[in-house]
Each structure stands twice: as structure tokens, then as C-alpha cells.
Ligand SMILES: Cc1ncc(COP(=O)(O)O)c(C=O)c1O
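Coming up is one lone chain in C-alpha cells, specifically the form predicted on its own.
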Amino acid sequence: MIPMHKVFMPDNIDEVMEPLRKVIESGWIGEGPKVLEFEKQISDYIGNPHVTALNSCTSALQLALRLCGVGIGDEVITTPMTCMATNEPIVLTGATPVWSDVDPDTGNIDPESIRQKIGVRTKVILAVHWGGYPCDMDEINQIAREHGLKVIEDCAHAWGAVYRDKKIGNHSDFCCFSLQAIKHFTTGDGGVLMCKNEQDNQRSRSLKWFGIDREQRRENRFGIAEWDIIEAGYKFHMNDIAATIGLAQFPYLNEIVAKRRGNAAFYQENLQSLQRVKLLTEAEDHISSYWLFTIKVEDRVNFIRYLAQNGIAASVVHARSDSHTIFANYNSSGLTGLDEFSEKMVCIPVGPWVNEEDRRKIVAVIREQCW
């Protein structure tokens, strides 16, 4: 079976195991120098100096909502076309998720729908780059400026994606990345929060660890380090074990993204003009990192079964959030773009494990249109 997802590790596993052994033997396995080194690597790669490494993207989202001041009675305009991890943090703040429609040709949040959803209680716009394809961030941020709102980007799919000549991670108030097992590269589990300004960055670095600002370290009368905590925080930090795994994988990130783009280009060239398959729309200045390669098909249940019978995994990956019971009390009517997209979309393998033989087989099976 050609898998949909696969954990990336270097072919020479000693590239991970040797530095990991040194960290474990050092006795310093919590947040330490390896986390700082990893944050510097991420900062240089994205081009944003305001980086905080965390234990998950979900924690990054929760922290970003906190930094935006979201709480009981507030509203967050968001997309239902995403993982549950995007929208559960909204509910946990006591705020209300307000569903925006999506563009049925991309799966991304629709700026015009955002405009229609803004109300007196709106505080944040939360955008998700579906599959790694960038949202229309200039338009979304312009809407936010017009109404005095903050913008959070869920970039879980978007390592290495580029929007108008800048990597995703530079465009909005807060950008949240995932390092979960099956993302482009991994720390075992983990996440990253990137902030637009230094003030938010400093606060995020304090809140990730119980509200302790490590730069304000002082010694008490016993000669032991202590800090004054001025607001309650979380236990969201990354540890040196996770950071070491990430550091060993990080040099391969450009290669990983390039292989995904190569496979996607092959599909785009060879799956055009099919009666029962439609490719998504892509703009030249929106460059995807293709964590997913999504197509729209007629009768996707039988399509997935058909591919499985031919040794190819396919999946919808995420069900729309508003289909779950925990969101049953939030209005999801009138989302015509979402209805169209969610009823037809399906994802096929695109990762670096898909070799030339694999992708030719995938194309040949789909082109038969026999499901």
C-alpha cells in the first residue's frame, strides 16, 4: 500500500540517535540549549526572529488566542475545514467560533465570507492554509486592520509555503506551526508560535512556562534562582529531546518540500481534463508546500475504495469541524462553498516516499476512472 502519511526520518538513523544519546546522557533533557538552537534554526529559515518552540501546534493556537485577549463572550471567525485542533482551543477560552465559508476551489477561508461574519463581539480571524496552500493573507489582514482585529494563522500544513515572495510565518500577528509526527518534519510532537512583534514574543516566552520570564532571573538569599510571576501561564514548552530530533531532521526540510512539490507538479500535469476529477485552483504567488494534495472527485467513497483495491491509500484527512457534536450549537448554515468542497475533496499520497514508480501508478489508476 502506498501510504497517505509517513513519519520522516533520515536514512541514516544515527544522525538522530547520536545527538539524542548525548542529550540524554548529559542529564539535561528539559527545555535547554537544544531548544534555543532549534528556535534559531526556525527563525533563520522563516525569516522571523520572534519564535517560541512549544509542545504542540494546539498549544501555539491556545497561546495565540490568549495573547489576543480572547475570552468569554468574544467571537473568533474561523474555518470549519480543518483539524479539530484548530477550533477546540477557541471553545476552551469561552469564546464562540463563527464559521466562515471557504473557497470551494482551494479549501481555504473565503475573505468575502469573513467580511459578512464580522460583528461587535469579533476579536480574531483564524485562517488555515489547507494542505499547505497559502490563504489570501493580504486581503485577510486588510479586513482585520479595517475592523481592529487580530489575525492568527494555523500553519500546521504549511512548512515552507510561500505567499507573495515571503515564507508563511511572516504575514500576520501570530503564526502557529505543527511538528506532530506526520508533518513535513517532526520533533516527535511539537509546535512553534511566531509573533509579529517583540512584545508579544516576550510574553509568549513567559506564558509557555508558568508565566516565568527567564530573562528576569534573580537569586534569593539562599543563592537559588527565583522569578516573580506576574500572570498565570502554562506548561507548553518544548524539551531538549524533542528539539534534538528536530535539529537532526531540519537540514532535510528543503528537500522534503521540493519532493512534495515535484510530486504535486506531476499530478497537476497528468490529472488534467478528467471527467470525474477536478484539480484545485492555484495562484502563481501562492506556493504550496503540499502537506496534502487534494483533488475533488465524483463519488469519493468508491474512489477511496477503488484506490485501496489498487494498493493506494487515499483519505479526506479532516472532517469539517461543524459536523461534530461539540459544535452542534454553533450556526453552520449557508456555507455553500464548504458544502461543495467537503463533499468532493479527497487527498492522495504526495510525500517524499512517493517515488517515480508510485506516482505513475497513482496517475494511471486514477486516469482509468473506474470507481
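These numbers come from a predicted model, not from an experiment. We number the residues from 1 along the sequence you see.
Form predicted in complex with this ligand: not shown, discussed below.
Engineer: Under a 4.5 Å heavy atom criterion, is Q180 part of the interface with this ligand in the predicted bound form?
Structural biologist: The answer is yes: Q180 has a heavy atom within 4.5 Å of this ligand.
Engineer: Give a yes/no on whether C83 approaches this ligand to within 4.5 Å in the predicted bound form, heavy atoms considered.
Structural biologist: Heavy-atom contact with this ligand at 4.5 Å: present for C83.
Engineer: Would H318 sit within 4.5 Å of this ligand in the predicted bound form, counting heavy atoms only?
Structural biologist: Looking in the predicted bound form, residue contacts with this ligand include H318, since a heavy atom lies within 4.5 Å.
Engineer: Is V70 part of the interface with this ligand in the predicted bound form - any heavy atom within 4.5 Å?
Structural biologist: No, V70 sits far enough from this ligand in the predicted bound form that none of its heavy atoms falls within 4.5 Å.
Engineer: Within 4.5 Å of this ligand in the predicted bound form, counting heavy atoms only, one of 94-102, 264-272, 148-156, 250-258 shows up; tell me which.
Structural biologist: Stretch with heavy atoms near the partner: 148-156.
Engineer: So in the predicted bound form, are C57, L61 and G190 all sitting within 4.5 Å of this ligand, heavy atoms only?
Structural biologist: Every listed residue reaches this ligand in the predicted bound form, so yes.
Engineer: Let me know the one among C175, M238, I77, V128 whose heavy atoms come within 4.5 Å of this ligand in the predicted bound form, would you?
Structural biologist: For this set of options, the contacting one is V128.
Engineer: For a quick check, can you give me the residues of 337-368 that have a heavy atom within 4.5 Å of this ligand in the predicted bound form?
Structural biologist: The stretch 337-368, when checked against this ligand in the predicted bound form, contributes no residue at the 4.5 Å heavy-atom cut-off.
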